[in-house]
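There is one chain below, alone, in structure tokens, taken in the form predicted on its own.
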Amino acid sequence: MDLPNIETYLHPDDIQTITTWGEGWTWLAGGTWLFSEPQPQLKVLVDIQPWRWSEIEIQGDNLIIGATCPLIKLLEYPWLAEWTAIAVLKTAITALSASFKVVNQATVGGNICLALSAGTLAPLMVALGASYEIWNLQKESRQVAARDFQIGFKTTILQPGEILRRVLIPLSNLTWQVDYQRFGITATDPALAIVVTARNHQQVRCVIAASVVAPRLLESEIMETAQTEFIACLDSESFIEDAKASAIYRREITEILIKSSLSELILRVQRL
């Protein structure tokens, strides 16, 4: 889709060459969502693709995924077999039900920063204890836990001129047993509820998304009582109410997915 309201297209060599940031400015990476519908509030596009950020690398104790990494690279990368969580990462990407063109162009950072309630990558990153590195225009960086990044529908903690630079996932967390459950009216519709559960030797983690405006992390130290604890927490959540589904329906679906996801985790542990 054309964006006739765009007045300026910037193609900077580096973030530090941008000395100011104004109203109606936005970063451009893959652009699959940006060009999918009218964006009347935008005036300036700042293209970051020429910066050639690294896409996938191991650094210290972390798997690092660059924000401009196309989703297709995560599907095609030769991951280590012992990183069991990668299978769920692939599931989250295929759950987008996007076209081949979109998967090839859409970026990790774009998916996360769009901050849709039904976003597929964000709940998994929260479940895996990921953190995000954020840059400002001076190339100063800060890190924030994935669980604290998205604070509402299309709302994050990013300040004007800030950009998500990369995602850091502890390598040890990639060996966790992880399960991804999603429910939508049809396979191609946005999810009405998403539940991601993860288990290590110390705790059980459950992230609910799509049924609430931003991913919510629930934690338990005991697998045998985790289901009861997580379901009890749902009573204090504010579920989305819209034309697609009532809040009550979304809560019930979320509860069903929690039960199903935890059961799958138990089965996987039993197979080991």
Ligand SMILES: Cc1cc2nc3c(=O)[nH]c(=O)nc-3n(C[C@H](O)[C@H](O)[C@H](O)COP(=O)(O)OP(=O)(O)OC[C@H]3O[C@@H](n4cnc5c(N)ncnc54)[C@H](O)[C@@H]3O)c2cc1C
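Owing to the predicted nature of the structure, the values given are computational and were not obtained by experimental measurement. Start at 1 and count along the sequence shown; that's the residue number.
Below, we refer to the form predicted in complex with this ligand, which is not included among the displayed structures.
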Identify whether this ligand in the predicted bound form is within 4.5 Å of every residue in the set Leu89, Val196 and Pro215, based on non-hydrogen atoms.
-> no
Though only this chain appears here, would Met223 touch this ligand in the predicted bound form if you measure heavy atom gaps against 4.5 Å?
-> no
Distance check, Ile48 to this ligand in the predicted bound form, heavy atom within 4.5 Å = yes
Should Thr26 be counted as a contact of this ligand in the predicted bound form, where contact means heavy atoms within 4.5 Å?
-> yes
Closest heavy atom of Ala67 to this ligand in the predicted bound form, within 4.5 Å or not?
-> yes
Using heavy atoms only and a 4.5 Å cut-off, determine which of Leu34, Cys233, Ile56, Ala247 is in contact with this ligand in the predicted bound form.
-> Leu34
Candidate from Leu174, Leu116, Ile157, Val144 lying within 4.5 Å of this ligand in the predicted bound form - any heavy atom = Leu116
Quick one: which of 79-87, 119-127, 197-205, 136-144 gets within 4.5 Å of this ligand in the predicted bound form, going by heavy atoms?
-> 119-127
